[in-house]
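This text opens with one protein chain seen in two forms, each one given by itself as structure tokens under the names structure 1 and structure 2.
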Structure 1
């Protein structure tokens, strides 16, 4: 539903994005990650028809963003980082205003349907200025969904929300993403790890890598890692683990547990468990660990601070 090839955008002498190529399919949630100034918002504005690229091609829902910009806008729902809302309007009146701007047929039915989708039917008559930040984000999402777009582009959809509101909006996006193509940017790396089917990491206007969060972990770690915890004395545990075929890099940890690795595709945990039981150890915990998306992000971009 989104196909980008060689997308480039210059602001005078500064190149904001450089030769981006990627795609996103229907029913897929793709996360767009990168530090401030990496080119995320510029790319989203081009894909939503807000501005043209300097070079390259972008096709959204089957239409070129330059030659068929109006058709693209009809098929895209765009939620900017700061949603422009009219505080003195009621929720229903604001959505009616947006529906009229889009000349939507059966506007009342569309509004009722969208309010139910974002769980705001009971707030329809409330004034926007009196609503919480989380509710305002839901209104922003509602206006992006009002015309039943095939593609949804969300720029930092959970910014400024408290933890409970983040969970609510995240679950809503996951539900919406079952039927639509969703491209979202976020600075909350754990959010991308939990919600996205695939992530694109962009730095200095170029895509550094793209893959599923799980595959990125496997590629960078190079092996599956396991934390093991037993009851009682464990002085002889590293030596025992090293005797199990396939176990690598056994390291005691400061918290009393032991960490070891095994090659991808060669899960040795059953053999480890049997060896421990045979030697009389009480097994308390054995869990897989991997690089977090934040660690992957910092390694790939070379950032020393938090990514945005």
Structure 2
């Protein structure tokens, strides 16, 4: 559905994306993950027919984005990052306008169906300017879905939404992604983990890595880490922990607790607990912290990623 080969885009002297190659199949939700300025929006704008690339090629829904731009745009639903909408139009009039531009034969029915899909039927006559951010986001999604596109491109679809709305929009995207190709960008790692079948990590215009969220996590988890807290003085704790077999990398934390690691599959927590009790400490907390996708991300994108 989406085939991208050697895609490059320069803004003047600055290279926004550099030799990107990836593809996405039908029924697949692919997530673009990366810090701000990584080239996510640029890539999506090229794939949606907004701007041509400097070099390389992209085929979307069977058509080249440069030579058959109009055909691509007919088959793509695109929601830009800022969800631009006409504030002084009613929801219905706006969707009618977008439907007309796409020459939909049964526009009224499509609008009703789509409004139902994004749960906005009761606001059809309201002005867009009066809608909340989450509702505008849903209208942005509705205009992208009106023509039931083969490919859906969503730039930061959940940014600026409150947690309840985020869950709703994610569920909606998952539902849509069952039959269509969805390419979405995000800089929220849990989001990519949550809804995507495959994640492309992009930084400084290059794809750093590409895998399923589960594999990504598994690939990088070299060790499991534990945070430990006891009552009272903790000064001797690191010394004591180092005596327990299998405990590695002991580090006191600024909040008074101590962090340590153990090799995967060799859970040393029972031994640590026994050792602590035996020495007369009051054990308050012992918590396993898996390596988060955040840490994976930082590790993969290197020092540049940390700035964001």
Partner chain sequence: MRNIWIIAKKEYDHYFASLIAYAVAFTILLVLGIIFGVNLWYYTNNAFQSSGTIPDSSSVTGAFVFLLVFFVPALTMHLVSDENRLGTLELLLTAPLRDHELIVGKWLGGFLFIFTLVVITLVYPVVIDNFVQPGIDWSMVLTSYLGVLLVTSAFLGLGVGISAMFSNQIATMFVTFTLFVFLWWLVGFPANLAPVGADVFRYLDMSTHFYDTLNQGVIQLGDLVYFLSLTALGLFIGTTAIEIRRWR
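Numbering follows the first chain given and starts at 1. Under this definition, the rigid core comprises the largest set of C-alpha atoms superposing within 1.5 Å between the forms. Remember, predicted model here, so these are calculated numbers, not experimental data.
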Original post:
Between the first and the second structure, which is the form predicted on its own?
Top reply: 1
Subject >> Threshold 2 Å Cα movement between structures 1 and 2 at residue 237, rigid core reference >> reply: yes
Subject >> Flag for residue 87, CA shift 2 Å or larger between structures 1 and 2 after aligning core >> reply: yes
Original post:
By how many angstrom is the CA atom of residue 277 displaced between structures 1 and 2 after fitting on the core?
Top reply: 20.6
